[in-house]
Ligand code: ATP
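Read the single chain below, which is given as structure tokens and is the form predicted on its own.
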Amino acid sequence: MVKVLAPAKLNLGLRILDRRPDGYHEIETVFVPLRLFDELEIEASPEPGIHLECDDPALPLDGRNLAVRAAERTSAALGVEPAWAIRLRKRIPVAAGLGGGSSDAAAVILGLEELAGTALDSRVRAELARGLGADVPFFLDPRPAVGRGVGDRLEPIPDVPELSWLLVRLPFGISTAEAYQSASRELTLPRRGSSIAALLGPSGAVGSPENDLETFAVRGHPEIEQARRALLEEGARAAGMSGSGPTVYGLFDDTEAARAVAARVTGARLPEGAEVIVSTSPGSGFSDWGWGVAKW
């Protein structure tokens, strides 16, 4: 059996650059991994097939779950019959723009490689991840990076320090497809790339990165702007909506400052039902990823 920690991520800014013939969009974003994890235990099963257990009863346990599809496709790539038991403990909020499902899929890929005692060719692994979802390749080696293409072309950002975050998980969902469609209709495409990578460096974030999807999301859910303003007024160095939302992040000098702000805004300045999470992100030099026996 292997135990794998699957980290969450933030998208700091997101710019839509063009529409693609396949219906997706060319984007530019910054990915940052978080020390906020789903926990997976994977072992061989005496029965054929993929047997998923999850402590969140709202999640499907069949092929609609990305972890199951990852197990099926990884088994095929490894040339082994799929006979696996997977226990998933959800700690990353679902449908929050934090990448929990994509991270679970990457954890399954790497966990099955370890169980099978066979490492896939890096190009095969990357293609397998890309076929499961645009965010999955990032989680194969999660560290601060610029994401281009559909988010799957990754360029690591050097010299990013460890950072402290306050996350506000808002109590509603946003359709990613609708967000992209609405935002792209209102933009003049194609657009040139930006210097979004320069927003993250040795001192952390410089200003609040632009998110083309946030304008669309705020129209239907002004609570997003309410949460963002609350964090900025409480001293956040940067704040915005992560990816397609609805989670709002604020960057603070340290975890103590983030916790103090969390105590002040919870139940007072945030929308009713909002969940507050304090977390940190490892810097560019972090190397002890420890997949299989995860050590974060």
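The structure presented is a predicted model; accordingly, all values stated were derived computationally and were not measured. The first residue of the sequence shown is number 1, and the count goes up from there.
There is also a form predicted in complex with ligand ATP; it is not shown, and the following applies to it.
Contact annotation: ligand ATP lies within 4.5 Å of heavy atoms from the stretch 96 to 104 in the predicted complex, the single such stretch among 160 to 168, 146 to 154, 96 to 104, 77 to 85. Proximity of Pro60, Lys90 and Asp135 to ligand ATP in the predicted complex is complete: all three residues have a non-hydrogen atom within 4.5 angstroms. Ligand ATP is not drawn, but in the predicted complex it has no heavy atom within 4.5 Å of Arg229.
By the criterion of a heavy atom within 4.5 Å, Gln181 is excluded from the residues contacting ligand ATP in the predicted complex. Ligand ATP in the predicted complex is approached by Arg64, whose closest heavy atom lies within 4.5 angstroms of it.
Although the partner is absent here, Ser122 is not a contact residue: none of its heavy atoms lies within 4.5 angstroms of ligand ATP in the predicted complex. Along 144 to 160, not one residue places a heavy atom within 4.5 Å of ligand ATP in the predicted complex.
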